[in-house]
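Consider the single chain below, provided in structure tokens and representing the form predicted alone.
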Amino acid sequence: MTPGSTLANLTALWAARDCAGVTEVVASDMAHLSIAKAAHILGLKLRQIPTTPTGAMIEDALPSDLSRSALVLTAGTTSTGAIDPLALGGRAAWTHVDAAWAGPMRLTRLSDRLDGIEKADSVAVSAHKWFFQPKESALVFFKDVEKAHAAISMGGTYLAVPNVGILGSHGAMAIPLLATLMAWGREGMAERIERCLDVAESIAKLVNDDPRLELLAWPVTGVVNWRPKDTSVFDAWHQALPEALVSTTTLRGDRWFRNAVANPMANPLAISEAMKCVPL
């Protein structure tokens, strides 16, 4: 466990560098900024791959030689919730999946949307998102745990056991996650994630049914991007919508609203009424 996905990604790429001898990180231009941070800290070259209009990595744009590369695939990009082609796992010296957002979807009836993730050498998941935990709670999983831990462990004469990972001391961030898993179980966790996905689809349908609005794409991981067709009223819409209902993102120079459904108690009817009340 790590205090956040930024450190989870850094930890995974540290293991990639020392276990697989990688010299560069290959990631999409929609990858989370923590990937660029990790590459910089670790002294690795960063190569960014272009993406589709909905934010997924373009497979044909990958370099042919990935023998010294850590390939980072994103499962749920921040802006659009896109999933990179996870079948690419295993093509590089090391494959890391940043599944901070969508990783827990593997527990649900929509698990197949993450098919290919099992090919990864490492996977990062933010417990703060679809494990419904407080901030500063994340996990990194390794395919070869012993090899990875050996690469990222440091000992000292005063330690009973080596430190594994970046941190020395750790908080008790595992306790609320343990309590949640014990209380809800796998079925309860899946039910809440699926509820979020259903709410996202409800929002997408509201947008599709409103002649004033356009949808970027049907949501695959609970992130909905939409905007008024008349983009000149974008700011007016933003001001008229209830605070915290939406955030905004910029895609290829164009602004879009973004609903990231992380609350299983979200009420799509209330969202519908808020959108209908915008007087534009």
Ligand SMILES: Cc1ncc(COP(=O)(O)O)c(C=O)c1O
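Don't overthink the numbering: it's just position in the shown sequence, from 1. Just so it is clear, the model here is predicted, and its values are computed rather than measured.
The following text describes the form predicted together with the named molecule, which does not appear among the structures shown.
Contact annotation for His128: at least one heavy atom lies within 4.5 Å of the named molecule in the predicted complex. Put simply, Gly76 is close to the named molecule in the predicted complex: some heavy atom of it is within 4.5 Å. Taking the partner from elsewhere, Asp84 is found to have every heavy atom lying beyond 4.5 Å of the named molecule in the predicted complex. Using a 4.5 angstroms threshold between heavy atoms, Ala100 counts as touching the named molecule in the predicted complex. Comment: the named molecule is not present in this chain, but in the predicted complex one of Ser34, Thr52, Gln48, Thr249 has a heavy atom within 4.5 Å of it, namely Ser34.
Comment: 92 to 100 is the region of 156 to 164, 195 to 203, 115 to 123, 92 to 100 lying near the named molecule in the predicted complex, near meaning a non-hydrogen atom within 4.5 Å.
In sequence order, Gly4, Ser5, Thr6, Asn9 are the residues of 1 to 28 having a heavy atom within 4.5 Å of the named molecule in the predicted complex; the partner itself is omitted from this view.
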